[in-house]
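Single chain ahead, by itself, as structure tokens, in the form predicted alone.
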Amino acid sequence: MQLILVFLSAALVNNLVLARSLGVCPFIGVSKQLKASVGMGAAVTVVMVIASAATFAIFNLVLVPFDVVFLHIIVFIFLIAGLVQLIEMFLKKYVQPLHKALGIYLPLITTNCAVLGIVLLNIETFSDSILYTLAHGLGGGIGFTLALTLFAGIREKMEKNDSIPKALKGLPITMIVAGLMSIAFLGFAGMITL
């Protein structure tokens, strides 16, 4: 039961994009097309889960025993960069349309603060349990994907809508909708407490 609460908390209550403002660059940049948003969300989710497991292992088996915990951020960044490169090579070889749709944003997962944020939160909160770490990583990825796809669906509808005032078209209405989505996700805040 506690694992489900950790997952739901990461996905809804403490959504990385809408509650913690992490990963906003791909949230705004990739969310113009629903298909690209789903692909980006899936790629980020895979990276988050694998990075959560790998950073847990490296932190507990290497950094803590050798008393070099102060290197954790640098080590985690290199680990995430390597994982992203592997996923990019996989997509380029087997899923070329998605690789083209993600474009420049795929290599930017390396510097996506949501991925680094989730592994740092995992170490800070769940450094003694791999199951909680994985549940939190998966929840963070699903929450990122949820925010991205919901926003992309709304943006696609707005592109076809002629009733938006000319002064608000483009970036202004995009920022307003992002703010409203963030407020809507605040409604989950009282539902789950860890």
Partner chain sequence: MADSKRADFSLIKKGILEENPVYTSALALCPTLAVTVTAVNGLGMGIATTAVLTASCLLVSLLRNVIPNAVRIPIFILICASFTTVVQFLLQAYLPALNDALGMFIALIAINCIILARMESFSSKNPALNTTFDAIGMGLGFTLALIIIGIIREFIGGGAFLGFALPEAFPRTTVLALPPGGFFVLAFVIVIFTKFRDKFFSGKPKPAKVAVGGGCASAKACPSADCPAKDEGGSS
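Small disclaimer: the values here were computed from a predicted structure and weren't measured. Numbering follows the first chain given and starts at 1.
Note that the form predicted in complex with the partner chain isn't included here; everything after this is about it.
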Please check if residue 22 has a heavy atom lying within 4.5 Å of any heavy atom of the partner chain in the predicted complex.
-> yes
How about residue 10: is it within 4.5 Å of the partner chain in the predicted complex, going by heavy atoms?
-> no
Report yes if any heavy atom of residue 116 sits within 4.5 Å of a heavy atom of the partner chain in the predicted complex; otherwise report no.
-> yes
Close approach of residue 96 to the partner chain in the predicted complex, 4.5 Å, heavy atom | no
Heavy atom within 4.5 Å of the partner chain in the predicted complex - the one residue of 58, 28, 154, 34 that qualifies = 28
Taking 4.5 Å between heavy atoms as the contact cutoff, choose which of 101, 83, 91, 120 touches the partner chain in the predicted complex.
-> 120
Non-hydrogen atom within 4.5 Å of the partner chain in the predicted complex for each of 142, 145 and 191 | no
Can you name the residues of 149 to 168 that have a heavy atom within 4.5 Å of the partner chain in the predicted complex?
-> 155, 167, 168
